[in-house]
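Only one chain is shown below, in C-alpha cells, and it's the form predicted on its own.
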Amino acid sequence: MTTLPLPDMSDPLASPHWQALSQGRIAMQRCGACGHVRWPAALSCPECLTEGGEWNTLSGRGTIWGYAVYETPLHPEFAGLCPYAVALVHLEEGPMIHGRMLDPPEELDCGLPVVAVFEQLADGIGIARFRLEQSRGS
C-alpha cells in the first residue's frame, strides 16, 4: 500500500475520472452540445456553457507540452525515484493532464508522443503515468 496522498473517490464531480483510472483507462467529460472534452470536470461546459456532459474514454495518447525534472522529492515516498519528471501532456482529444513520466528525464522533450500506462496505488485506486510512445512495450 502507498503512503502517498490519494484522490478523493467520493467527490461526485471527479469520481468517474478516478474510477476509470482504477480500471486502466482515462475518462473525461465531453459536452453533448459542442463536443468539447474537458478536464477538470465541471458542472457546465467552459466553451458553450451547456450544463452536464457525458463521460467518455479517451485514447491515452498525447504529446509532451512541458515537463519538470525533480531532483528533490516533493513527498518522501518519491525519494527513491529522483530524479523524476512530471509532464503536462496534451491529449489527442484536446485536454491537458499531468502525470509522472516513466522514462529517464534526459530522454524527454516537448512535442514527443506519449501513451498512458496505469498503476494501482491502493485497492480500487489507480493513476495514469506516461511513457514515450516508441518505448511502449519495452
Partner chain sequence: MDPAAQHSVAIVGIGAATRQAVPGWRAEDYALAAARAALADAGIDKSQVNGLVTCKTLSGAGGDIVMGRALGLNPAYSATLDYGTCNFSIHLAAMVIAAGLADTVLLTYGTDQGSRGGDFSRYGNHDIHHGMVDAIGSMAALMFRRYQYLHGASEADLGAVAVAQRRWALLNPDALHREPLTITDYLAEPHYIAPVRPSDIAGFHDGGAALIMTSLRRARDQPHVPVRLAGMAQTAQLGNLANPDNYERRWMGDVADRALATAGAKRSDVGLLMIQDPASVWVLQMLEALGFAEPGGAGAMIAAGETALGGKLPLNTSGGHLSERYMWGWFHILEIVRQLRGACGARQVADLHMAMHASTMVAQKGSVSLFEAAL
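Quantities reported herein were computed from a predicted structural model and do not represent experimental measurements. Here the rigid core means the biggest group of C-alpha atoms that line up within 1.5 Å when the two forms are laid on top of each other. Numbering follows the first chain given and starts at 1.
This next part talks about the form predicted together with its partner chain, which is not shown.
- In the model of the complex, its partner chain sits beyond 4.5 Å of every heavy atom of A20.
- Residue contact with its partner chain in the model of the complex: E54 places no heavy atom within 4.5 Å of it.
- Though the partner is left out of this view, R61 does not reach within 4.5 Å of its partner chain in the model of the complex, counting heavy atoms only.
- Not displayed here, its partner chain is kept clear of P113 by more than 4.5 Å at the level of heavy atoms in the model of the complex.
- Contact here is defined as any heavy atom lying within 4.5 Å of its partner chain in the model of the complex, and by that definition not a single one of R25, F118 and L132 is a contact residue.
- With the partner removed from view, the residue among L43, L49, C34, L74 that has a non-hydrogen atom within 4.5 Å of its partner chain in the model of the complex turns out to be L74.
- Along 69-86, these residues reach a heavy atom to within 4.5 Å of its partner chain in the model of the complex: V69, Y70, E71, T72, L74, H75, F78, Y84, V86.
- In a rigid-core overlay of the protein, C34 has its C-alpha displaced by under 2 Å between this form and the one not shown.
- Superposed on the core, the two forms differ at E71: its CA moves 2 Å or more between this form and the one not shown.
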